[in-house]
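Considered here are two forms of the same protein chain, supplied as structure tokens in two stand-alone entries, structure 1 and structure 2.
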Structure 1
């Protein structure tokens, strides 16, 4: 009888294992299908000129197609615009997000902190197109024009809840003995937080920051309402500027430029992949 029960348990264990493996495979199939399609169609477009030249005009593309030569130009204007807006958003999102996360972690039972935590979750679930419309009303209309500033504010709003939540949850799982030891040695709460708790939670916080960047770097809707786009390389933050997601949308709407979609998409995927791998590596090294 005991042998029969053991066999039944082993059979159930194997059945559950195979079910989990099957479901994991089904989940991975769409991911690898997307990655494979983008890589196969886009890898041959990656070249030095693709990263250093701005988007070609429709006339240049038509002439290249007629001559049977490769499509000229690239996505340099989109790369520079993306990095510029992303950089401005990160400069403000990281300190504000970390400070807010510290406040929520240290005052979990405070009524005001609970309201802020609820609003953070609400902001995290807000569709990006709504954030773009609100930023248009708040920034673009008063400034009387589209700009990189408006685009960076939209990205900042989207990044903020992810950084806040990752900071809060990472600080909450730290052992209380760290804080108690710091206070016992004579440090005040602020010094213990800056010198002990935040360094101990750096891996989780840094991972949250990079995941926030990975999320917003591919957003198109907010930038359509704020940055608008630009066909040449521009460094002015108070003027309309391009971004890689905006270029992908523009390529899609232009039949002569649709082939460039795959190269731009591959660049975004590789950039996000590098960010994620960097986050995992640095978090692992810091924890060690």
Structure 2
């Protein structure tokens, strides 16, 4: 009787272990399913011209369909647009984010800092579509038009809380002896921060920036209401501009351009995953 009960309990114990292993492994399946599908359907579209040519015009598409040749064109306009907007967003988000992070790390108990910290959480949790709406109201409407500036402001707002948090957290785990030693040597707080603490925290902050970029680079909804999209390569910041995720959305909605979806998705997916893996690798390396 007792033996039977023990066997029963051990069977349950094994069953849980196997269930956990099975379900945990199943969770990994979507990653490989998505990677596989995007790769298989997209890799033969990747060619030199895919990266150098903009979205095909309706006329070129029609001709290709008539001739039975593959859809021409590529995503050059999207790549340029993404880089331009991301670049502008990063230039502002890095210094402001780091300064805010430093402030939060140095004044943890201060009432104002707690409010800023709470607002950072609030902004981080705000759905990106809301950021799109608000940027539309504050930037697109007054400027009387969609623009790269509007798009980059939306990206800036989304990146900011991520950079603030990673800076703050990295600075907080630095040994306080580092700061004290710097101050003891007669440096003032600004100098110690700039010459001692920030360099020591560089790894963590850099990782945070990479992750922030990988987070926002695939954002689509906020760009729909701000950058809008544009079918040719353009460098002006006050005009509508395209971006890679915007192109994917366009291709998705245009029955003639669906062939291009997978190449664009593969490019975006690889970019994001490589950024993620690099960040993870660097974080591990710097932690040692």
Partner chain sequence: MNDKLYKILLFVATLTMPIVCGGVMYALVTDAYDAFEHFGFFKFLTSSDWNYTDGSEQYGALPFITGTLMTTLLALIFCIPFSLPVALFVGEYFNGTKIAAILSTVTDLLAGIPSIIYGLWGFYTLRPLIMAFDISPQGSGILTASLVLAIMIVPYAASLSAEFIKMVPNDLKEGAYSLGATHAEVIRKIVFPVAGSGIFSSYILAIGRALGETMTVTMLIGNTNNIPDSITSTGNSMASIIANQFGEADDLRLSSLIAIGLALFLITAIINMIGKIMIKRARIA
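Fair warning: this is a prediction, and the values are worked out from it, not measured in the lab. Whichever C-alpha set is largest while still superposing within 1.5 Å between the two forms counts as the rigid core. Positions refer to the first chain, counted from 1.
- Two forms of the same chain are shown on their own. Structure 1 is the form predicted alone.
- After superposition on the rigid core, the Cα atom of residue 266 is displaced by less than 2 Å between structures 1 and 2.
- Relative to the superposed core, residue 278 has its Cα moved 3.6 Å between structures 1 and 2.
- With the core fitted, the CA of residue 15 sits 8.4 Å away from its counterpart between structures 1 and 2.
- Taking the rigid core as reference, the CA displacement of residue 24 between structures 1 and 2 comes to 4.1 Å.
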